[in-house]
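In the form predicted alone, a lone chain appears below as C-alpha cells.
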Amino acid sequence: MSYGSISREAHEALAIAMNRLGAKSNTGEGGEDPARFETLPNGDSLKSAIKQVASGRFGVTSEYLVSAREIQIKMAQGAKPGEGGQLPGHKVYPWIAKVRHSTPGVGLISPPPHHDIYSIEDLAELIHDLKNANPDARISVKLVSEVGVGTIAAGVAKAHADVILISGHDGGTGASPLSSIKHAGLPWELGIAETNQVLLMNDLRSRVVVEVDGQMKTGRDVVIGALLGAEEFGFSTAPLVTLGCVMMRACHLNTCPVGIATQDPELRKRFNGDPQSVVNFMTYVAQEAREYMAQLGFRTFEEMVGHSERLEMRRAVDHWKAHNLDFSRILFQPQLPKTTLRTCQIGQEHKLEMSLDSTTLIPLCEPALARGERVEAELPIRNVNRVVGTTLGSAVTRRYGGAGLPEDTISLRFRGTAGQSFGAFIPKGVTLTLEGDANDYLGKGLSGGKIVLFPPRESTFVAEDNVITGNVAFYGATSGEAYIRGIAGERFCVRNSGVNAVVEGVGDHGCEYMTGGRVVVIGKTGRNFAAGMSGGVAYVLDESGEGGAAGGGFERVCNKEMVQLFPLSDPEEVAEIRRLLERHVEYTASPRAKALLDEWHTTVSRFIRVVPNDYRRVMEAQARMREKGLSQDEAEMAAFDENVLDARRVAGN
C-alpha cells in the first residue's frame, strides 16, 4: 500500500509488524519519509524493506533506493492492469507532497506505462539501472495475472530480475475503479500456474524467486500457491483488517471511518491498530500452512513448491456447473529431466563488477568517499558504458546520506558517446560533464547531482539544430541541475519533480506529467508539450517571436488542457532565468544562449511561461498566507485547507 493511499499510522504499523517477523513491508508507489530509516528506541524499525518503483517515480531518490533490501518495479496492478493511477489533490497533504516531491493540494497522475519501458530490452535496462543504484538489493518485477503472463515472465527472467511477482485481480481493490475490479485481471492461481510452467519448460525457474499476491488470507492459500509454484507470498488486505479495516471500499474518498485509508488528521486519530495484531495473524497463517504441509507429507517448504499433482478438484463440489470445470492446464506438470531445479537456487549474473564505476570511478573517487576531498578527472567513454556514475552515486549516498556532498566535490569529465542512463540517480556533490553525446534516459532519477552535455570541441555542426541526447531524459528526476547544448529527444523531463534544466530544443511530449522544477527551452519544441503537467514551470523561447499571443508558434504545439501560457514578467523569475542561461554559457559555451543574453532586453519578451492551473492557484494561496505572517509550513497547510474547501464547495454545487 502506498504512502499516500493509507495513513502514516497504518503504514508504520505494517512496517513494524513485518520487521518484527523478519518479513518485508512494501512502500508502494510514492516514496518513503527518510525519518522512517531510523530505528525506534524500543528496537522497532519503521523502514519498509521493499521500495517500489512505479511509472510515476514519486520519491524515487538515491537515498530511497540505497535504503532498500529489495526494489520492486511495478509493471501492473492486479486490480487494474494496463491503467495508471491518480492521487486526488484533497489527499496530497503537505507530508505526502514532501515525500513525493510535489505541491500540497495538487493532484498527482501516475501514467499507464513506464516511459522508459517499451520492450523487454528496456525493462532489462531499468533492472540494470536499479541494480547499479543498490548492488545489495534484489530487483523484483511485479506482473499481473493475465493470459500470456508466462511468456512475459520468461522475458523478465532473461532480463535478470531476481524476483517475479504475479498479482491477482482481487488485490489492491480499495481505490480501483469498479469497472476494473469486476472486469480486469485474472485470479492469481491462473497466473502463477502459467508462470511456473513456462519458466520450468525454458529452464529459467532456477534463476528467479516467484512470488504471488492478490487477497491471500489463509495458510491454505499459501500452500495452494506453493503447490502451483510460488516461493514467496504477499498479504495486504488481511493485515489491514487485523489493524481495524472495515472494508468500506471508499479508499479513494479520504473518508475512511477507522483512520486507515485517509490522510485527514481528524480521521487518523481514530486509528487504534496494533502491530502485534498483524504479527499474531501472520503467525497463525504460518501455523496453518505448517499443518497442511504435515498432512501432505512435506517436511520443508522448498520441497513442496511446484508439486501441483497434489492438488485436485474438491470432491464436495456437486453443483452442476462445476462438472464442466477443467483444471488440467492449471495442474499440468511439464515432463522435465530429474535434474531440473524447481526453485530459485542460482543467482542472476548482473556483471556489476565489469562496469566503469566498479573498475575505475569508485577507486578514483575514494578520497571523496572516505574524506570528502575534491576529486577531478577526465576519462574516455563509449556507448557500451551504461549507467555511468550511478554506483558511484550510491556509494556517496551510503556514506553521506540524502544530503550528499558539497557541490562539485566529485567532478568527472568524459569524452565520447555515453550509453543508456548516463548519470542515473546521482546525488548532490557529483558533477558529470560529457563532451560528446548520450543515448536514452540521460539523468534518469537525478537526485541532486549536476549533468552537463555539449558537442565535441572539434565538431562543425550547429548544436541547436542537432539531437545530442535520446529520449526520456531526466525521467522522474527529483533535484539537481542539467545543461544540454543541443536538442533532446521525446519526453524530455517527463515526471520531473525538482530539476532545473536548460536545453536547446526538445522533441514531442516535453515536460509530460511534470510536477516540479524549472525547464528552460531555448530552441524548437515538439508537439504535445506539457501534457499532464501539474507542477513546476517551463519557460519556452517562442521561435515565432509572437510571445504568448494567440496563434503563436509555441501555442500551437502546447497541450493547454492543464496549463496556461503567460509572458515572462516577474522580476524574480526574469533574474532566475537569466542566471540559468549564464550558467548554461559557463558550462557549455553555448553560442545560442550567449546571443540571447547579449540581446536580453528583447529576449525576455519572447519567453512564454507555462504554468499548470492547479499549481498556480495553490502557489498564489501560499503567497497570500505568507503575507499574513505564517511560516512556510503553516502557509502550505493553510493553503491546502483552503484548496480542499474550494473543491468541496465546487463538488457541492
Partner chain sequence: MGKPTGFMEFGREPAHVRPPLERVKDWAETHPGYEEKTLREQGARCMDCGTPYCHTGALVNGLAMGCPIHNLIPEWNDLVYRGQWREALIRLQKTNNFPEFTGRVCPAPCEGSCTLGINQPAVTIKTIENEIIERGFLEGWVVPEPPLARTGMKVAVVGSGPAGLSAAAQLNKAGHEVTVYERDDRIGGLLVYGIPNMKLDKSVVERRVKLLEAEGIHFVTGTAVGRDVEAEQLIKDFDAVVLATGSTIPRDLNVEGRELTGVHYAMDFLVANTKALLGQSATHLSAAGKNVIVIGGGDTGTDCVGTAIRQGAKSVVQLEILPKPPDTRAGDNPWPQWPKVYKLDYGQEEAAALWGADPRRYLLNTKRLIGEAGAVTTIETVEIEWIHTPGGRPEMRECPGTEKSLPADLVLIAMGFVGPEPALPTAFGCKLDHRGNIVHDDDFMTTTPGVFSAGDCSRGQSLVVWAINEGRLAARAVDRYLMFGESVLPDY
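Values in this document were obtained by computation on a predicted structure and should not be read as measured data. Residue numbers count along the first chain shown, from 1.
This next part talks about the form predicted together with its partner chain, which is not shown.
Proximity of Leu379 to its partner chain in the predicted bound form: non-hydrogen atoms within 4.5 Å are absent; the residue sits far from the partner.
The shortest heavy atom separation between Arg270 and its partner chain in the predicted bound form is within 4.5 Å. Under a 4.5 angstroms non-hydrogen atom cutoff, its partner chain in the predicted bound form has Leu253 among its neighbouring residues. Among residues of the shown chain, Asp264 is one whose heavy atoms approach its partner chain to within 4.5 Å in the predicted bound form. Contact with its partner chain in the predicted bound form, defined as a heavy atom within 4.5 Å, holds for exactly one of Ala124, Leu352, Met248, Met562, namely Met248. Checking Pro334, Pro112, Gly148, Pro257 for any heavy atom within 4.5 Å of its partner chain in the predicted bound form turns up a single hit: Pro257. In plain terms, the part of the chain that comes close to its partner chain in the predicted bound form, with a heavy atom within 4.5 Å, is 239-247 out of 460-468, 485-493, 239-247, 579-587.
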